[in-house]
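Next up: just one chain, as structure tokens, the form predicted on its own.
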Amino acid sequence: MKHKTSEMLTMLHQEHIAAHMKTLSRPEQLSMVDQVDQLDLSVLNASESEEKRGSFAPLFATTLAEIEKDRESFTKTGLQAIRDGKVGAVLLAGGQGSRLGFDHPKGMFNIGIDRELYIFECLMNNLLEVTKAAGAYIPLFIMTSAENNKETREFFEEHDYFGYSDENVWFFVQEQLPTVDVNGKLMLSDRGRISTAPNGNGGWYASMAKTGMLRIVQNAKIEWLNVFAVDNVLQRIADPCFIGAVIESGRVSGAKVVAKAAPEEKVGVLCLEDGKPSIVEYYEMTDEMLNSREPDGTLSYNYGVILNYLFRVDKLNSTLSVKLPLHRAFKKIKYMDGNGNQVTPDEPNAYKFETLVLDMVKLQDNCLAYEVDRKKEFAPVKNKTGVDSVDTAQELLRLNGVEL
């Protein structure tokens, strides 16, 4: 084992890993040294301090009625940008379907009843509607994780990309960060590997840079990227009206939002913080913010984000030099114990470190809040039953004329 690796681990109070490495064979040692060299171990010194928030103010959206009034103009502008090759899309698909009782990539989950209809298929069908209207394919970048990359790629190949052009689809793997136990100690996933987990949805652009995807963006002269989450089966992707509205507004970013169902609804709300676009989480809002209303009776902090953003590429490039805040998430993480046994915990046992795409919004100069009808564009599949579940998504798909 390289002496400097052992010394560095000891300095980081990870002597147990240094000691474990001495028990490995030479090839195993070299493999683990290589892994350690590539990991960002600075997270071990990162404690999630209370983020000091600035001064909040409401950010009002372009409403459904206002959008309807200018729909023709917005759509024309958006379709032209797509035809000119200025728009790309980024699907965040690194997650597993564990909360659905499905031990595969979440996008592979079959949400159909009388026929097979996969989450990935719903999204690709939505994207195909736009490509048909524009008469042009939209470059699609799919972010996977180390855990689900192979299975995701194979699934798309088996299903012929659901009718999309495989020449316009690129897969890239999200960066991983080490996980730590409750005492801040690195864990082993098996004898020769340190346990890692995907670095959260905020890492998508940095991961595109590291995997060479930004060279494709640059070579294709893509100016706008629409980033969206895998689990919303009604997600409109590269929506020409949304793209056109952002372009015509002169703003450098846009966010699709839904009007809150109730003041206490548990959604992050798009707002202004010290004059810049930001997102305030429901648990950060004071009672005054929760219940404040405008003269017309609408909530002042009324618009919840649905993880569908449009960013201007030149502005995204300037965020690459910024280290996004790390958020710690307490999760159930499989590991190998000191006796070499694989342990699958029943309860959360360790922390993973995540960056969040909402922190990228804060780095933008401005942002167009673009209201959408939640019954038409917001059907997240987060739980097996109950709120935001398979059942509620199926109901909304039916409502929108999708055969299940």
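Here, rigid core means the biggest group of C-alpha atoms that superpose within 1.5 Å across both forms. Please read all numbers here as calculations on a predicted model, not as lab measurements. From 1 onward, residues are counted along the sequence shown.
Although it is not shown, the form predicted together with uridine 5'-triphosphate (UTP) is what the next lines describe.
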Check, residue by residue, if 97, 201 and 352 all come within 4.5 Å of uridine 5'-triphosphate (UTP) in the predicted complex, counting heavy atoms only.
yes
Taking the partner as it appears in the predicted complex, which of 154-162, 273-281, 222-230, 245-253 has residues with heavy atoms within 4.5 Å of uridine 5'-triphosphate (UTP)?
222-230
Which of these residues, 93, 81, 213, 111, gets a heavy atom within 4.5 Å of uridine 5'-triphosphate (UTP) in the predicted complex?
93
Quick one: from 307, 124, 258, 194, grab the residue that has a heavy atom within 4.5 Å of uridine 5'-triphosphate (UTP) in the predicted complex.
307
Residue 236: heavy atom within 4.5 Å of uridine 5'-triphosphate (UTP) in the predicted complex?
no
Are any of the heavy atoms in residue 20 no more than 4.5 Å from a heavy atom of uridine 5'-triphosphate (UTP) in the predicted complex?
no
Mark residue 86 yes when one of its heavy atoms lies within 4.5 Å of a heavy atom of uridine 5'-triphosphate (UTP) in the predicted complex, and no otherwise.
no
In the predicted complex, does residue 331 have a heavy atom within 4.5 Å of uridine 5'-triphosphate (UTP)?
yes
Contacts with uridine 5'-triphosphate (UTP) in the predicted complex, stretch 145-180 (heavy atom within 4.5 Å)
174
Does the C-alpha of residue 99 move 2 Å or more between this form and the one not shown once the rigid core is lined up?
yes
On a core-based superposition, does residue 138 travel 2 Å or more at its Cα between this form and the one not shown?
no
Taking the rigid core as the superposition reference, indicate whether the CA of residue 333 shifts 2 angstroms or more between this form and the one not shown.
yes
